[in-house]
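Let's start with one chain on its own, the form predicted on its own, as structure tokens.
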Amino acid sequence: MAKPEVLITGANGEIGQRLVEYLEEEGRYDIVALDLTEPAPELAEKTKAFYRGNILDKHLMDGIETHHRFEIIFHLAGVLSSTGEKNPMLAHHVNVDGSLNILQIAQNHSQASGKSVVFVFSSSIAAYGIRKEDDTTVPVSVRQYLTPMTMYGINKLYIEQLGRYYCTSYKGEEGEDSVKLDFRCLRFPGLISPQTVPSGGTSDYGPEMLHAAAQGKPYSCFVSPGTMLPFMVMSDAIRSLIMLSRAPEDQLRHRIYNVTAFSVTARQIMKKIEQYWPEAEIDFEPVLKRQAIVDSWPDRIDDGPARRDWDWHPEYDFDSAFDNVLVPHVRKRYENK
């Protein structure tokens, strides 16, 4: 009996690679992957099909839609925050127009099969926009402070609302009622992975600091020591994606959920790293534009709805994340280099 198919866009990214590995090891699905860049052979081998191309390429999207029938789509592809600020038009086209192409595949497959395709979208705390005068002494909910200051954040917020529209109000080209896709969204905090060196994200100072120390390289942090953000390790991020994708729809009281594990300052991350690499050369040289972006994001976010609706909980807090996951794996990664 053929396995159901799952599509992962952005499969070469930090989240995408780990998600492919998780699902391949589990063995429940045939994995179809898509990314702009060529995959490593060992990643491609874990998939039924790996398409290299742009989510803006309508011909490619039509081919994927024709040759597959997806039960779940994990939409992870996109231009990240720092890169998006350098080229906002590119960010808009990829993040919005490209996402619309993937949503339409999900909608068409839902209509063709008579069963809603589960569409899981990877959003971000960049969807928030905090001002200095705002009171954020309590964790921020999914409906507060939605005035993002970056093109990336604006794109994420728009796609969240576009997904909500597709699963509640969408009608086909002729205005007929249709079987609607099942849109679900996670707003991620900063993610720290021991396997993948990040690139292009404004919350990447945490993992960049870690990987630099493990390699004996100096690192200048682009935010101030007291800057606080919520974080989680990559394995918890993958768990949250899987858990949300499999939660019974009738238990979901929301379409958009926060997930988080721990909130720490850049100084706390530095001090933790120095416990393991006392010789680490870490200093702070805030970049005003990037600092302003981070300052517009909440220190803490409320993931209570995810805990209540689908029993979300992180496996790792700050200490156990570094002590049991990040440091051992990063050390192993660089020990022979």
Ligand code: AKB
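Bear in mind the structure is a predicted one, so any value in this text is a computation, not a measurement. Heads up: residue numbers just count along the shown sequence, starting at 1.
From this point on, the text means the form predicted together with 2-amino-3-ketobutyric acid (AKB), which you will not see here.
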Note: exactly one of I105, A237, I125, I73 sits with a heavy atom within 4.5 Å of 2-amino-3-ketobutyric acid (AKB) in the predicted bound form, namely I125
If the cut-off is 4.5 angstroms on heavy atoms, which of these, V140, L80, C167, L157, is the one near 2-amino-3-ketobutyric acid (AKB) in the predicted bound form? L80
Location of 2-amino-3-ketobutyric acid (AKB) contact in the predicted bound form, chosen stretch of 245 to 253, 262 to 270, 117 to 125, 130 to 138 [non-hydrogen atom, 4.5 Å]: 117 to 125
2-amino-3-ketobutyric acid (AKB) contact at Y257 in the predicted bound form, heavy atom, 4.5 Å: no
Using a 4.5 Å heavy atom cut-off, state whether Y152 contacts 2-amino-3-ketobutyric acid (AKB) in the predicted bound form. yes
Does N95 reach 2-amino-3-ketobutyric acid (AKB) in the predicted bound form if we count a contact as any heavy atom within 4.5 Å? no
I'd like to check something about S99: if you look in the predicted bound form, is any of its heavy atoms closer than or equal to 4.5 Å to a heavy atom of 2-amino-3-ketobutyric acid (AKB)? no
Could you run down 281 to 297 and flag each residue that has a heavy atom within 4.5 Å of 2-amino-3-ketobutyric acid (AKB) in the predicted bound form? W297
